[in-house]
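Presented as structure tokens, the chain that follows is alone, the form predicted alone.
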């Protein structure tokens, strides 16, 4: 009969090949409750031991699914029930917007619950003791040796047979017995000392976080970003005599390098256009630049070919075609004027498209007009 105080019979080996052979030998002998300990992962050990797939993956899968379902349900409730808003013409329940945060929450919950399950169920926390801890065997396999431990609760365990087997495999055999601490341990989650420890950790964490983010970060030198000399918009300023933080441009001046556009949206495009000449030569580079800007800023409403076939799905009124006789007869300056100040529901693009790029877009529009309204001379 096995010693009731015996936990396992262990054996130490000195090379990776020996421990692989020992693992195979223990497995072939029919033992199922044994473990192998090495100072680093040994390639092929899982196969040598015949280990089945870990059940921890199912915990991770279930936690990930729970996180994904919970997050998309919460996002759907907020977007469609509690706080519905129309954003960019999309419906209330627009699932592509939920994908990034759903993915992140699924991964986060999977990681946290996997670690929690591993600690609580697989490692039996708060039990942090183990019969192998602090034994010469564990000290050796944590440094430069390799070990096998056959547990005494194995159905086939016989101490003499196990010792003989491990000696035949070339191991240095020694028994490991249960410590008194391990045998008498009982999980006590509601023990006052344990609860006081949790409360202390919570108080220290909360207090440290509060002091750090509400006090420390507002003290020198950490407040240098907040306390830098600056004037915030729409606030009172003690620096200027009039007390205003927002400053109007100095009357009668323009910014350095800025060319003032003297016309407004009230001026007729054809009249203003007659006063301006396109300063760019329609080279391949200019046309390529104009095409790029046109496709970026103009094509969503005017269409890729300028026919007025908007891709905005009715969110804005469709603009007229750029191939009408009126637009084709406009001077280049008229097209430039409309892009600069806007027209009807079309906004100004002078801050999105530079002056030269607007002239390049004019050249590209002329190219589209000529391509879709080609004359017989163009085909010769």
Partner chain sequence: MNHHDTTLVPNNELPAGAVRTGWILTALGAALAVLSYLTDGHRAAFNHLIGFTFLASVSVGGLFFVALEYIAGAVWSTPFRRLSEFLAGLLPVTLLFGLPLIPQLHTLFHWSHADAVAADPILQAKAPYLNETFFIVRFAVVLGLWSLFAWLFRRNSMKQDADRDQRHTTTNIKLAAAFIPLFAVTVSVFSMDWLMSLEPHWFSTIFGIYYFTGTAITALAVVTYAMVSLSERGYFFAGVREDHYYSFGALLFGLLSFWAYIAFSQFMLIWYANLPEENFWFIARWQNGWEWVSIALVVLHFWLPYFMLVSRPSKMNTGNLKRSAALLVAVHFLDLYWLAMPTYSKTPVFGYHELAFPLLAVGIVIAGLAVQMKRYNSVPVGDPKLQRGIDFTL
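Residue numbers count along the first chain shown, from 1. As the structure is a computational prediction, the values presented were derived from the model and not from experiment.
The form predicted in complex with its partner chain exists for this protein as well; it is not shown, and the discussion that follows is about that form.
Residue 99 belongs to the set of residues with a heavy atom inside 4.5 Å of its partner chain in the predicted complex.
Taking the partner from elsewhere, residue 53 is found to have a heavy atom lying within 4.5 Å of its partner chain in the predicted complex. Its partner chain is not drawn, but in the predicted complex it has no heavy atom within 4.5 Å of residue 356.
In the predicted complex, at least one heavy atom of residue 94 sits within 4.5 Å of its partner chain.
This chain appears without its partner; in the predicted complex, the one residue of 44, 347, 70, 317 with a heavy atom within 4.5 Å of its partner chain is 44. Screening 90, 167, 268, 230 for any heavy atom within 4.5 Å of its partner chain in the predicted complex leaves a single hit, 90. Screening 348-356, 45-53, 318-326, 332-340 for residues having heavy atoms within 4.5 Å of its partner chain in the predicted complex returns a single hit, 45-53.
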